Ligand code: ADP
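There is one chain below, alone, in structure tokens, taken in the form predicted on its own.
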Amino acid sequence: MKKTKKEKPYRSTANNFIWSSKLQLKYAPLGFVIRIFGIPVGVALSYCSIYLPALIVKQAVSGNTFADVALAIGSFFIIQMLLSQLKEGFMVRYIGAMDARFNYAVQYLINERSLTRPYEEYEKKEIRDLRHRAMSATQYNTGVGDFSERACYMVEYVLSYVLFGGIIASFSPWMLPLIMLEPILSLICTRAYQRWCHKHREYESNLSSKLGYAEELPDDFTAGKDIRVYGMSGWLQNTYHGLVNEINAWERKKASRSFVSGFTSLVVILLRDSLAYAFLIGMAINKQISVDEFVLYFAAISQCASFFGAILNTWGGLHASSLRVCDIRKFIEDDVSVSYGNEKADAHLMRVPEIEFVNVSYRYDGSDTDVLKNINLKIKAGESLALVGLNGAGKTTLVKLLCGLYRPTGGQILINGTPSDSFALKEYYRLFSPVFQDSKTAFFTIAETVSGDLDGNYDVSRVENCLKRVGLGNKLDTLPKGINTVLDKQVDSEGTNLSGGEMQKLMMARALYKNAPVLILDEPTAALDPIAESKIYEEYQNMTKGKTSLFISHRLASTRFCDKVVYMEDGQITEIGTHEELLALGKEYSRLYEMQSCWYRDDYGRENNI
């Protein structure tokens, strides 16, 4: 395990408490107020717990009548029960519900930040690990979920300690330093343990993420086929057991370090109690204190030590919670150093755009080499461009740059002469209707997925028309709910799960519905059968009419539908021209085309339109 240097917390404990309190007052104010009110109730209950035994002894030796004794003890007992029910019955349960609401609100903020973070940043492992830790910190007893609770308990314990310390000091001032010895040593050990845990939190988070993935994979419907057909179940089980063993070893290591802290405290407690109780017994024997005072002081010593220890432990707990809240705030507040302009997209939506790459380069974070190198390319207004090349040539990276998911590390991209980074990011997204190779749907209806509208304000006829244009008309006819069918059978028994080809068609329908001036198709026919693919190619001319389009495909026969073909190799443009021009050039494009075309020629050497 690598040693990591000491890391300064993102924010201080006091600053995190103020931040957490403001949020709680915003999302669950009544719970926060009730928790504050619970402080004096808790102090009163603590005093009752030591005074009741002393009261019973005092009344028992007072010589009063049974009725008087019963009335005094019963009245006090009823008050104690009412306070206990108020604290444990009403307050704790109500606050629990308010805490759940507060935690959901914080989770919403984390998810909102996840969706608004730059895509390029969110691809980084450290960012996704930070999100995992942030979400973990919203669970009860782990971070923000119990921050205000611990803070209120801290105040309660301090007030109780002052009260009980005053009782002890009234008969023996030197007893207080002795009582404080054990909690101080315990705090030193606890803080050392917490610092060690915080230092290795990334290692623990990484283990937890891996185990979570291994636990969820068997329930992944998409992966189910591969797991069974390729006999991966044994491998996955072995991986799962290996991770469990690694986590168990880690937990044993944590437990051993925690045991050292607890054992040290136990030894000091035995020493403290022996001296304190010997002193009290001596005072009782010498008639310096009465029997009921002996019981009161005896209980006060134990309780005072407990409260001082609770103060130190709670402070340690607050510090631990604060460190976890730091993960939440760092994820939510971290302002990625990416600046965007304020250019609106409206003017560019009114005309067919021209796109130009000017000396564009891109390097992935942590890499030593550029994946794209000085790309210079102009796509004329209304032009249809095919982008081809072997895997790893940089095609998809170029598309992500064009869509604004990545930002060039060198050069710039111009839209109608306007630099892409001059646009407000959400405005820039309006210019593009992409169909990416890998897409994922959620538990929304077909209509909501195509339109991107969850409020029911979509154009029904337009949704249906887009679905029919991409070849999903027959599929709709088989669904009782039509476009209102949910895209998940696990959520809705009347829902549907689309095949890979149907999913690609659905994504094309979504692109058609958005009707942005730039259409981008990344391997749109990879999962389609030849007939469906042929129909898509026929529709392609209509889809791109009045638009600037970019078409990525490994099937070079499809490029004849485009005005121009760009061949990429090793992050650079090596060939550019029409399909026929590149064939006549006789270079890599021509060679790859010949390799592919032999599989779809008839017996007379004529090409079939597949």
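Sequential numbering from 1, following the sequence displayed. The model shown is predicted, which means the values in this text are computed figures rather than measured ones.
Form predicted in complex with the ligand: not shown, discussed below.
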As a check of understanding, the residue in 391, 342, 474, 461 with any heavy atom within 4.5 Å of the ligand in the model of the complex should be identified as 391
In this chain shown alone, the residue from 171, 406, 540, 279 with a heavy atom within 4.5 Å of the ligand in the model of the complex is 406
Are any of the heavy atoms in residue 333 no more than 4.5 Å from a heavy atom of the ligand in the model of the complex?
no
Residue 395: heavy atom within 4.5 Å of the ligand in the model of the complex?
yes
Item checked: the ligand contact at residue 364 in the model of the complex, heavy atom, 4.5 Å -> yes
Heavy atom to heavy atom, is residue 123 within 4.5 Å of the ligand in the model of the complex?
-> yes
Assert contact_stretch over 383-391, 302-310, 482-490, 509-517 against the ligand in the model of the complex, heavy atom within 4.5 Å, equals 383-391
Restricting to 235-254, the residues within 4.5 Å of the ligand in the model of the complex through any heavy atom are none
